[in-house]
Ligand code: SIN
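Just one chain follows, in the form predicted on its own, and it is written as structure tokens.
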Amino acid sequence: MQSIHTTEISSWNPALEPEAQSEFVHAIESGKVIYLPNLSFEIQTSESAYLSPSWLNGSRKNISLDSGKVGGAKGSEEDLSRIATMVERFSQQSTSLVKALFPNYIAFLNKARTSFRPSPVEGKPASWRKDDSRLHVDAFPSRPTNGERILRIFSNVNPNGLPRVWRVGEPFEDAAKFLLPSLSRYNPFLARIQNALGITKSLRSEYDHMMLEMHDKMKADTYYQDNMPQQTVPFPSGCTWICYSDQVLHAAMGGQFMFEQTFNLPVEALKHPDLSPLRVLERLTLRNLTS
């Protein structure tokens, strides 16, 4: 499997030639993980104390920054302010990196949540649906994307040198061909009811239904988990990696202390839109999935 694209970039704001930018765009839109082993997010000495799960307030497993507001953390106002500054710095550096690698995305980027994940991956999940140690593509019950891409930047900041271990699965189209026959039919009436009741934040399209079904069927299928093509990828402490998490089949197997930045991007912003999950599923089903 050729699922990892490695680059020696060591700056969050690299100066790149157009040929290099085109290479990165093709790699990520083809479903590869861009791996930057020499790019680390530096934790300042005054921030090292925040590398602990003890700052979680128990309401969620991550500390988040959304629209300048810290969520999931506890502490004094000073501590919360310092945590927010640390997470915001990662957000700013991630934004600079994305703009440098993919300049054609700049006008379309929609910055979503930034998170700091201080808890270890290992542990008993609440359910198999929430078990991220099973291969899956990202799709969320309450947050339909209507075809928008989910671009994510990750950095391992483990102070003990432990890697963040992923499994990376087969190409998206191969998974879709395998799973499509088992997916339930889309019910537009039910989608409207769910939206009216506030169960979803916007109307769930047929595309969103299919992606959520793929997420669930993939996680529930132990044969798929054990036998489909996949590779184990350890991301060492001090590195960064980027992928479209709605396209790359991934599973988190181990690690602790990671930062993550999410961006949403319309399919129209892509250089190779035919490679997107939306276009792949439309090609396989021979119908429009977002209208």
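In this text the structure is predicted, and so the values were computed from the model without any measurement. For every residue, the number given is its place in the sequence shown, counted from 1.
Another form, the form predicted in complex with this ligand, is not on view; read the next lines as being about it.
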Triplet 132, 138 and 250 all within 4.5 Å of this ligand in the predicted complex via a heavy atom: yes
The listed residue (39, 258, 34, 65) that reaches within 4.5 Å of this ligand in the predicted complex by any heavy atom is 258
This ligand in the predicted complex: contacting segment from 223-231, 42-50, 250-258, 24-32, heavy atom within 4.5 Å: 250-258
Contact with this ligand in the predicted complex for residue 209, defined as at least one heavy atom pair within 4.5 Å: yes or no? no
In the predicted complex, does residue 166 come within 4.5 Å of this ligand, counting heavy atoms only? yes
